[in-house]
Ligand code: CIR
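So this first bit is one chain, no partners, the form predicted on its own, shown in structure tokens.
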């Protein structure tokens, strides 16, 4: 689709901004600045530099969603396939669900994560070094107040040498600099300054600090006991939100740097071994569609399937509750395992 004359987009950009940011909207919004100084030109910089970006716009703070609502709202409604009257569903209760694969015949691991930002700081793409360090210090103090059952160790990447950092990467205990889309948005700026990772003593819960969002709270465990992983995640979320003010909107839910993640800001998924369904992808795609799931490669989005291990996770994040997401995943996996066994 061609961009309208006067818009600062590549002619063949595939980003949602090409569809939703008309010349009139651009002119209406181009001079607006959020309280932290974020502009529309900064918001769309990643889409301009990366014409193959599917979205092409990032929020620079929680106020971006109001200041640039003319373009962000239609993008959100389009991406999330929302019906009129949509709203965030705040339900977040501990789940009781049976382990679908206690012998771990199929499900290798379960992983559920949420993104959270602190309302009083700009988002990652709009932060200066002092703000990154101040946010890190704020979060470190919150970690110190965790109850014994959630306590653990925080490691800051700032002062690690290359050998120490690479050792953490090899163990999957650190996160790398973001991709080119995040880089163009300013999210990678100053890396690894102010970044770090918290790991609970039992190794189930991790928290990434200052990645794409201020916090990425992750619960992960071998096997398919999704409810256990989900409940541990909830415990950590509740413990942290008592100390930290998360960026939140009653209609949009938890606000994130990328508008595709708002709402629950949750991805719940498993790595699952499916030798038969790998050879019958249409069956897998049908089950996934029926249960609002997404099938990805072994390493996540835009990766290949290796040794028949798929990443299966929720496709919806906004307009439904976190508990509904977990229920959809559980029911979908039940259908997938049944089909795999009987093919």
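Owing to the predicted nature of the structure, the values given are computational and were not obtained by experimental measurement. Residue numbers count along the first chain shown, from 1.
What comes next is about the form predicted together with citrulline, which does not appear here.
S.K.: Would citrulline in the predicted complex be within 4.5 angstroms of a non-hydrogen atom of every residue among 121, 143 and 246?
M.R.: No, none of 121, 143 and 246 comes within 4.5 Å of citrulline in the predicted complex.
S.K.: Though citrulline is not shown, can you say which of 234, 240, 258, 184 has a heavy atom within 4.5 Å of it in the predicted complex?
M.R.: Selected option: 258.
S.K.: Which one of 33, 279, 302, 289 is close to citrulline in the predicted complex, taking close to mean a heavy atom within 4.5 Å?
M.R.: Contact residue from the list: 302.
S.K.: Just one of 34 to 42, 303 to 311, 56 to 64, 281 to 289 has heavy atoms within 4.5 Å of citrulline in the predicted complex; which?
M.R.: Within 4.5 Å of the partner lies stretch 56 to 64.
S.K.: I'd like to know whether residue 86 contacts citrulline in the predicted complex, with contact meaning heavy atoms within 4.5 angstroms.
M.R.: It does not: once citrulline is placed as it appears in the predicted complex, residue 86 has no heavy atom within 4.5 Å of it.
S.K.: Closest heavy atom of residue 79 to citrulline in the predicted complex, within 4.5 Å or not?
M.R.: It does: once citrulline is placed as it appears in the predicted complex, residue 79 has a heavy atom within 4.5 Å of it.
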